[in-house]
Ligand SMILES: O=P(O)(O)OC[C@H]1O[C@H](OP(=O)(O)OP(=O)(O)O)[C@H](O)[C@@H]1O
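So this first bit is one chain, no partners, the form predicted on its own, shown in structure tokens.
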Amino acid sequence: MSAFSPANPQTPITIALSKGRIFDETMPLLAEAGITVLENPETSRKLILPTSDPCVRVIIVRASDVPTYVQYGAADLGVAGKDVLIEHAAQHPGGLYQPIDLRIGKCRLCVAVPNGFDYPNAVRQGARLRVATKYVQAAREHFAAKGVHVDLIKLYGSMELAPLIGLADVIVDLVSTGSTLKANNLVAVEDIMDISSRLIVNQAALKMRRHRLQPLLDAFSRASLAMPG
């Protein structure tokens, strides 16, 4: 058995997190379990961070990579947005247990268009639409349900630029306050789904190390229930 196998009882419990909002909003949940991360990922160059519990460590990865690290056993637990999990599941079905909606990282996945764009006419059944998005699977399913043919253009950032320079007709993106849309003369015209972050667990680790993971899962559950709305 590999020394770093999640099934090895001697291996520290590994939690995969991404920097930024998810990391910041996960810290109070870890505190509920009596765990403090000892270094700040914004100032530390380390990608493996120690915690106040020598049996628990945190690894810092890209948000889109969190499900991969957990599914393939490099991490026991992780925190990822529903948007990321939908896209991951399209390429890697199965293999992840999602026991808890942590009710953090809340936003909406929306369709946004330039001000004045005739969206109702553009999404009539049988129409064709160019859609720029990072969330290809969610966008495909949304417009397929409307009977709209879409040309999907995958982008990784600056989504708002696409309809302004003619690359796409509309965008599908995460919206929190809407201030970035407004600054670029765009408006959200349709909500696709509410997004929040989920606790995800490696299935083999849960089976082999449940006695070590369950207290963490219980603490996350308690803390998430205390989150507002």
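All values reported here derive from a predicted model rather than from experimental measurement. Start at 1 with the first residue shown and count on from there.
Just so it is clear, the following notes concern the form predicted in complex with this ligand, a form of the same protein that is not shown.
Name the stretch: of 185-193, 30-38, 50-58, 170-178, exactly one has residues whose heavy atoms fall within 4.5 Å of this ligand in the predicted complex.
-> It is the stretch 170-178.
Verify the contact flag for residue 207: yes if a non-hydrogen atom of it lies within 4.5 Å of a non-hydrogen atom of this ligand in the predicted complex, no if not.
-> So residue 207 does not count as contacting this ligand.
Does the 4.5 Å heavy atom contact test between residue 21 and this ligand in the predicted complex come out positive?
-> Taking the distances in the predicted complex, the answer for residue 21 is yes, it comes within 4.5 Å of this ligand.
For the stretch 67-97, which residues lie within 4.5 Å of this ligand in the predicted complex by non-hydrogen atom distance?
-> Counting only heavy atoms within 4.5 Å of this ligand in the predicted complex, no residue of 67-97 makes contact.
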